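Next up is one chain by itself, shown in structure tokens, the form predicted on its own.
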């Protein structure tokens, strides 16, 4: 029985060609981000319309690095609880305080009204997540950020190629943080990126490049200085090589994901499911079911892999809080994620649809 994977990277001869070229170059990594890493930054900047980009070694590092420039130490960052735990961890890495907001029941992205209730004098950043590739309400959040003198840093780990009001995610707000983990829409062995859009983006880029490589600054030949603490976050050449190939086909691959979502939206006979939105890039497709454990077991038995995204962060021991997030808590008990990756055939989609309708 062929198993239908929840995630499955799509590769072509181009990835193989780029990877072999990087291997033969014997220039495999550079803390300064020269060669293919620098080229990937430029190409991704052009693709998103961001003012500039800083590539890093994973999405968590992107969040960590972006928040290091947002004055969050001792202050509060508002984010959703329905996310991967890295979103919250990045706040603590920078000595900030996590404040959770509830989610919109339709998009499962951070709810603006809930955000408004969480704002205090110590709020310094808003950290929305484009859940499943669905664009969060960055326009409203950008207004709130301006009113509160806060940064708008969006977690775009699911959203490579997503758009909002005709603009690519990555070109809105203060900074956008991308993940290029092998399961993501743009896949690498490991990788991430911070897209910058603030007015002083050139100075911020210089600062982040230094922090990306252990705080090294003012390098000339073999001479350099270290003026502040930094981290070992730089991207390697192999990841950049694969990323360049993936970027060249990203829109095509995202279109396949959208086509899968269209079939799910039309044909799945479930009470609650992910809405259809052509701005979304459908990193996965979610549905809500009442008998989740049994449902997932039955699909697994016939070779369909599903997921649960996510256990709410505020329910984990490290982050337990008295805050009430009723929508998050209800949805997290019912959510099941389905495959949308570009390797799915029409037969695969039909099997998923018929199986969901049978067992749901």
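Positions refer to the first chain, counted from 1. This one's a predicted model, so the numbers in the text were calculated from it and none came from an experiment.
Keep in mind that the form predicted together with a small molecule is not shown, yet the notes after this line are about it.
Please check if residue 84 has a heavy atom lying within 4.5 Å of any heavy atom of the small molecule in the model of the complex. Yes, residue 84 lies within 4.5 Å of the small molecule in the model of the complex.
Should residue 129 be classed as touching the small molecule in the model of the complex when contacts are defined as heavy atoms within 4.5 Å? Looking in the model of the complex, residue contacts with the small molecule include residue 129, since a heavy atom lies within 4.5 Å.
Does the small molecule come within 4.5 Å of any heavy atom of residue 157 in the model of the complex? Yes, residue 157 is a contact residue.
Residue 99: heavy atom within 4.5 Å of the small molecule in the model of the complex? Taking the distances in the model of the complex, the answer for residue 99 is no, it never comes within 4.5 Å of the small molecule.
Partner-contacting position among 60, 52, 68, 334 - heavy atom within 4.5 Å of the small molecule in the model of the complex: Exactly one residue meets the criterion: 60.
Candidate from 47, 319, 295, 310 lying within 4.5 Å of the small molecule in the model of the complex - any heavy atom: Flagged contact: 310.
Looking at 250 to 258, 168 to 176, 224 to 232, 76 to 84, which lies within 4.5 angstroms of the small molecule in the model of the complex, counting heavy atoms? Partner-contacting stretch among the options: 76 to 84.
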